[in-house]
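Take a look at this single chain in C-alpha cells; it is the form predicted alone.
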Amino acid sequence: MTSRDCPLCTGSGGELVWQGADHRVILADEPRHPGFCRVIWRAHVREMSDLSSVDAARFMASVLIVERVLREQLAPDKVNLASLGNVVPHLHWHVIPRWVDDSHYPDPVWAPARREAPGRTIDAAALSDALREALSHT
C-alpha cells in the first residue's frame, strides 16, 4: 500500500479530535464500542521503529494521554491498546475502552460478538473537549 492508497493518508480516519504537527487523535465510528479512539502518525510509516526515539516517545505519550482521559471520562472496566496495522499498514494505535458487558468482552473487539451490545452512550462532545484539553499540553 502506498500513501496514495492509504485511507489514513487520504482521510482523517474518523472524527478529528486533535491534531499536532506529526500525529492526530480521532474518535472512530464504532457504534458498538463508544469512545474508541485512534492515535495516527501523520507520515506514512509502518512501524514504531521507523520513528526516531524522540518522535516515538512523543507519540506514545499521546497514546497514554488518550488512555488516561478515557479512564477519567468513561470509567471503563479495561482499556485495550493495540497497534496492529495488518489491514492498513500505517502507524496508528487503537485505544479502546472496554466494559465487561460490551458485545465482545473479554475477546478483542475484532473477534465475533458474544452478545448484543448494551447500547451504551457517551457524551462524545465532552470526551472530545477533555481529549483536546489534555493533548494541548503535549
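From 1 onward, residues are counted along the sequence shown. Nothing here was measured: the structure is a model prediction, and the numbers come from that model.
Keep in mind that the form predicted together with a further copy of the same chain is missing from the display, and what follows is about it.
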Exercise: residue 103 in contact with a further copy of the same chain in the predicted bound form, heavy atom 4.5 Å: no
Residue 47 within 4.5 Å of a further copy of the same chain in the predicted bound form, heavy atoms: yes
Partner contact for residue 78 in the predicted bound form: a further copy of the same chain, 4.5 angstroms, heavy atom: yes
a further copy of the same chain contact at residue 42 in the predicted bound form, heavy atom, 4.5 Å: no
Full three-residue contact with a further copy of the same chain in the predicted bound form, heavy atom 4.5 Å, for 60, 82 and 85: yes
Residues from 98-115 in contact with a further copy of the same chain (non-hydrogen atom within 4.5 Å) in the predicted bound form: 98, 105, 106, 107, 108, 110, 111, 112
